Structure formats: structure tokens, C-alpha cells
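A single chain comes next, written as C-alpha cells; it is the form predicted on its own.
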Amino acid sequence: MLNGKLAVITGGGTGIGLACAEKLSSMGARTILMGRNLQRLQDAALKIDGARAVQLDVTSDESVAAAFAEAAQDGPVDILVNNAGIAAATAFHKTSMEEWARIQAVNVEGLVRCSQAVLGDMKQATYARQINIASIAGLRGGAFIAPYVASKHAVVGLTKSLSLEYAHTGMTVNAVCPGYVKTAIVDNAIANIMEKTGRTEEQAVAELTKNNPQGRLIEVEEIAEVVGWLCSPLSGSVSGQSITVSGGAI
């Protein structure tokens, strides 16, 4: 279905990013995994037939330019999965501007850099896909995670704007908004809850999943399945959407 297409996945070494790379590869795409930890990317790439690892720091103009120039050696990028992101939890009145800026730099400005890096080719193509991994936090509020919520609201807004701006091209732009997923970020959140509240791991997981009607964490493969569909030719009329994968939370 995606035979010959070139897909770049940022934050591709673990979690959602790696699952997306595996899914797109299974659909026939050539995959390039990008992220800061080159060794981790290389180890992940060994699990995927034909995958390449390219080091990338989304907060650096120079790094983004170099990484996407290296990707372009394989041809124009047909699919971009903007998955790189960070999260942190603290009370808003204790949040420093440095911490605020750190989260926006990765989750918003990094996404902008990567999207702009491929737009030249994508807006000329008959087929192109941009998938932004946002969060259900991009559709509603959340206590103690204000910088993260703001960043993911920005991702959802950017998705809508880019979809409209480039609707006349062959490119679609969509966001996937997961609930809490079994990833390293959620592991850190669980550890943070345990440390600050004295709760057990089971109690911490229950706290994170209390707004999920199914009462569970989401699997990375579930996110990858939605990404795969959004990248398929059959989703060509779907653009500007924010699709939640959250156990029925609305």
C-alpha cells in the first residue's frame, strides 16, 4: 500500500515512534528513524527491514537541516510523523519560564522546524502525509501539566491551519491524540506520582487512567494502527482532524 514511499519518524527510537515505524514498514514504506540518541536509533533500526537511523535534535536549526538533508539522499520525504516530544509535571505557580520554554521548544518549535523541512517537496507532490502526535491534553485541560497542555493545543491548532493552507495540494495533515500510553514518558509520570504522593505503582496507574472509560493504558500499537491508516491512500479526504485514541474519553 505504501510501496516505495519514504517515511521519516521523529522520536523514532522507542515507544510510539518505533511502533509507527514498524507499522509503516509493514505497509511497504522505507523508514528513517530520527532522534537524539543515535545508538538507540541504530538498535531500533536493526528491528526494521531497510530502516535507517539519523541523529536529530528538533530544537536546533542546524541539526534539523542536516538530518533532513541526509534523509533526502533517499529521495523526497512522502510521510512525516512528528512524534518527538517531552512532558513534565509541576504546579503552574512553580513553573519557571525556562521550563516553559524547554517544553515549547521541543513540542511546538521542533514540530514546526521538521514540517518546514519537508514542505518544499510535499506541497509539490501528488501524495504526502504529515501526522502530528499530539495528545488528548491538546483537546482539554489538565492540572499540573500546563506547559504540556499548551504545547499540545498548539500542535492541534497547527494541524488545522496547515491542513487548510495546503488543502489544494496532495498533502494531508492530521493529528493523533492519545490518552496515557505505555511509554517511557508515562513510566516517568508514574514514578513522579509515586515519589511525590507516596502512592503505590498500581495507585499511580489508576490515577492516570481515571479519565479513561476503559480504565487502562493505551498500547503503542494502537496509536501506530491509526497512523498507518492516516498514511494510506484511502485516507486522502481526511485532513485537519484530531483523532483521539483514549479508551473512549471525550
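Numbers follow the displayed sequence, beginning with 1. No experiment lies behind these values; they were computed from the predicted model shown.
Here the subject shifts to the form predicted in complex with a small molecule, a form of this protein not shown in this document.
The small molecule isn't shown here, but in the predicted bound form which of 88, 72, 154, 106 has a heavy atom within 4.5 Å of it? Selected option: 106.
Considering 206, 46, 191, 184, which brings a non-hydrogen atom within 4.5 Å of the small molecule in the predicted bound form? Only one option qualifies, and that one is 184.
Can all three of 36, 134 and 179 be found with a heavy atom no more than 4.5 Å from the small molecule in the predicted bound form? Answer is yes for this spot.
In the predicted bound form, does residue 84 come within 4.5 Å of the small molecule, counting heavy atoms only? Yes.
Answer for residue 15 alone: is it within 4.5 Å of the small molecule in the predicted bound form, judged on heavy atom distances? Yes - in the predicted bound form, heavy atoms of residue 15 and the small molecule come within 4.5 Å of each other.
Contact with the small molecule in the predicted bound form for residue 56, defined as at least one heavy atom pair within 4.5 Å: yes or no? Residue 56 belongs to the contact set for the small molecule.
Is residue 52 part of the interface with the small molecule in the predicted bound form - any heavy atom within 4.5 Å? Output for residue 52 is no: heavy atoms all beyond 4.5 Å of the small molecule.
Contact segment among 92 to 100, 161 to 169, 144 to 152, 72 to 80, judged by heavy atoms lying within 4.5 Å of the small molecule in the predicted bound form: Going by heavy atoms within 4.5 Å, the stretch is 144 to 152.
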